[in-house]
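To begin, one chain is listed below as structure tokens, in the form predicted on its own.
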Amino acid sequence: MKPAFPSIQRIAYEGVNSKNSLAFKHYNAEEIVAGKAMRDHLRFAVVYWHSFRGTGSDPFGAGTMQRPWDDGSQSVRNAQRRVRAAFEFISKLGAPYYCWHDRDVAPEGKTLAETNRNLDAVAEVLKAEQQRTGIKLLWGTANLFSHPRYVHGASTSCNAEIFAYAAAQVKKALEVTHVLGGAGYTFWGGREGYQTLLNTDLKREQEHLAKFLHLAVAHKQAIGFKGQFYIEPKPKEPTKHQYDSDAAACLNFLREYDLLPHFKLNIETNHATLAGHTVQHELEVAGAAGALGSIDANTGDELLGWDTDQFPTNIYLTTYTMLTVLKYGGFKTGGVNFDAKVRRESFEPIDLFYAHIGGMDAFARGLKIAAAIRQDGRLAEFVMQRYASWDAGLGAKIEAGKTTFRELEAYVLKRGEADANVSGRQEYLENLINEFI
């Protein structure tokens, strides 16, 4: 096979003074930040679906992407050729990981048996390319939302036959992820929700979703897969309401159905926006519960109300993200996965490089800034002092569960009035962040 990107050499780090658009200005993979190499902090991954299956089509026009290595067919041979182009790209970019859906990498056949054979045939090439390049699989997943059979959902479908088909599909995707040495496996419930409650048994559907996930856990254990399971929150699109609507909803669901020991969350920036949150909020909610696992790194357009999946270039966004990631100990099995797509107007192959370089540099800057803020200590000290009343005396007694409402009433009656509050100093803290940016 001819090179897919013949004019592109491996992307090098050239530093902040470089004017080379095909070089990193901030991402230096081996640079030590907060005691660890950037590569290990960020664990960048390229997504297969947007970068190598995205066509640039939208509701108003056909695809625009120029992908010379792809003949547009649904043949296994074309899928295998696409794998080699993808690994050439990822190698030249210098990203250590990639992610896929089963239907991204291999075409669907006329039967499940044929589909499985197709996936096995492509997985052979994936494994060979992983061994050749050293690139690893961050996580795999199954597409349980595109095919018409999933019109009413997959595990939450009103049709038990569809539940069974979805289980068979996840079984195979999980097994292939295991064979390829995946560090994790992600569940995203694109159609696990409803368009109207008039035809929905919400309680039953959620119970079926829980049953499905328990079956997946059992199969994971049966095949000896040690990777981390993730759930990815998103409130809507394509359904009106999805059961994995935000981090808090996911955690509540996992606790209710005794699944929390087996799952962490894969947080996406644009999904947080659709849920009415910032990504920092979602990361904090997950981190506080010990469930922060991985990130789908992208961003949305503030003037548009849908999931635009743009590459992240906002330094404040990446700084706040990495502040929380570092706060909770960094990534263990997850990483920064670019679930982002080049714009429809950015249709040449080289645009894939520009997009990923920008995102990787933005996260490298965010990492360095966040590490500097933590080393400086003023932000952490302010927060600690703000809650100082809880560290001794009355506050410590309350936190330890050693008091009652009656005792607290007596305390206040004796004191007459509570101690005065102190300022939250939001503007001061925002200025503090700006010192580093």
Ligand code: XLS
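Residue numbers run from 1 along the displayed sequence. As the structure is a computational prediction, the values presented were derived from the model and not from experiment.
Not on display, but discussed next: the form predicted together with the named molecule.
In the predicted complex, no heavy atom of Y411 sits within 4.5 Å of the named molecule.
For W188, a non-hydrogen atom is located within 4.5 Å of the named molecule in the predicted complex, even though that partner is not displayed.
At a distance threshold of 4.5 angstroms between non-hydrogen atoms, Y98 is out of contact with the named molecule in the predicted complex.
At the 4.5 Å threshold, heavy atoms of W139 reach the named molecule in the predicted complex. Distance criterion of 4.5 Å from any heavy atom to the named molecule in the predicted complex singles out D296 from the list E192, E282, D296, D102. Residue in contact with the named molecule in the predicted complex (any heavy atom within 4.5 Å), chosen from E205, E232, E88, E175: E232. Heavy atoms within 4.5 Å of the named molecule in the predicted complex map, among the stretches 268 to 276, 244 to 252, 114 to 122, 346 to 354, onto 268 to 276 alone.
Along 322 to 361, a single residue, D339, places a heavy atom within 4.5 Å of the named molecule in the predicted complex.
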